[in-house]
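First comes one chain, alone, set out as structure tokens in the form predicted on its own.
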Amino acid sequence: MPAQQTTARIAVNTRAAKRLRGGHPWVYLSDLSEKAPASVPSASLVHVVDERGKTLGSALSSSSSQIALRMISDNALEDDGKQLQDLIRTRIAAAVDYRNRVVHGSDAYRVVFSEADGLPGLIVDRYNDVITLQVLTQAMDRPDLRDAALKSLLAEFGNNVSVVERSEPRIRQLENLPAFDIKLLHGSNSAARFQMNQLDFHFDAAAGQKTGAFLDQRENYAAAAAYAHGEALDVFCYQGGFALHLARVCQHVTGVDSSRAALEVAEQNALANAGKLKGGEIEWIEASAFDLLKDFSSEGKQYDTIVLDPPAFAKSKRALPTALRGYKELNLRALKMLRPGGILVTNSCSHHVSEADFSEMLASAAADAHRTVKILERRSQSKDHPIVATIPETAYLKCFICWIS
């Protein structure tokens, strides 16, 4: 626990004060007032004030990030070894209660979604009896706050769960935090078997992307299966989330991914669900999606259902034009390969690609392919990844389900 000291007061400019009063929690370095201290303290609780000295609330600080302050309370809290820990416990309990109300048919879901749950810099996922967490900010990396989070999770889920910490090296580097592979914080297991929409999946916290499976697509998996039919192609299939759901209703499914390790897990998942699938064959292909779609298109291959679920193409605003060209190329090739009456499920997980950008890209691809695209559903991330109205950054996933003629 940090030594008790007078809580720093940091003044922000008028623009930032207006944004904070509107419910957005971030203060950038460029938002600091001339009245602010010369440097931002590391991993501290600070009081945020406007240029007239009026308190706006309390924030967690970072000495290295462009996001200098992340608001955690509208009140002036003290870093006394109790208030912050109590706040973390209260907010984790509230986050778990919210998931208990909105998550159905799965024992895998996001438990804490950083700012969306009032806990900036903390990501927690559940995979049955394995809990994973990521710590992404200097303040949340403090031993006292880590300990409060761990104890809160064990209070909610019981001492029989395992808790594994995974690293996000790029983000931790921005926060000047050390990188690592994984840490087993509690229990003895890093692997689990979990359910989504009555299908079984394998999870190993010691391997894979992000914090594991793509839980944000859980509801979209089921929605896609409601329209899918015939012969299906799942591009960027990873560990088979869409592919397995399609296999319950389609005669044949081809899953494509560039990661052999991901495809090996996908095959394990398919075997675990052999009795629940329609009986059609699932074929896994290790390949570059762009190259394979080009080859399949030139060969005249046709499908009744195609899913495109690529990784984030736009990591920054500067990457947006290149990302949109990539999305258009994928969707253009898919549209040319769909039979009349076919279903296209196209996704973007890039926050910097807005829904309007994505819709415009799809319209352009449809015009070039000379196809009519009827949008059946515009969807977003599953409810355990809540979208907060005052924090646009919490909305990132676009999933369009389309009828093609």
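Residue numbers here begin at 1 and follow the sequence given. Computed from a predicted structure; not experimentally measured.
One more form of this protein, predicted in complex with a small molecule, exists but is not displayed; see below.
Figure note: of the listed segments 90-98, 251-259, 182-190, 264-272, the one touching the small molecule in the model of the complex, with heavy atoms no more than 4.5 Å away, is 251-259. Exactly one listed residue, out of Ser288, Ser316, Thr322, Gln173, brings a non-hydrogen atom to within 4.5 Å of the small molecule in the model of the complex: Ser288. Here is the short version: of Pro178, Gly81, Pro311, Gly158, the single residue with a heavy atom within 4.5 Å of the small molecule in the model of the complex is Pro311. With a 4.5 Å cutoff on heavy atoms, Cys237 counts as touching the small molecule in the model of the complex. Using a 4.5 Å cutoff between non-hydrogen atoms, Phe214 counts as a contact of the small molecule in the model of the complex. A residue is said to contact a partner when one of its heavy atoms sits within 4.5 Å of a partner heavy atom; Tyr127 fails this definition for the small molecule in the model of the complex, lying far away. Shown alone here, Phe194 lies farther than 4.5 Å from the small molecule in the model of the complex, counting heavy atoms only.
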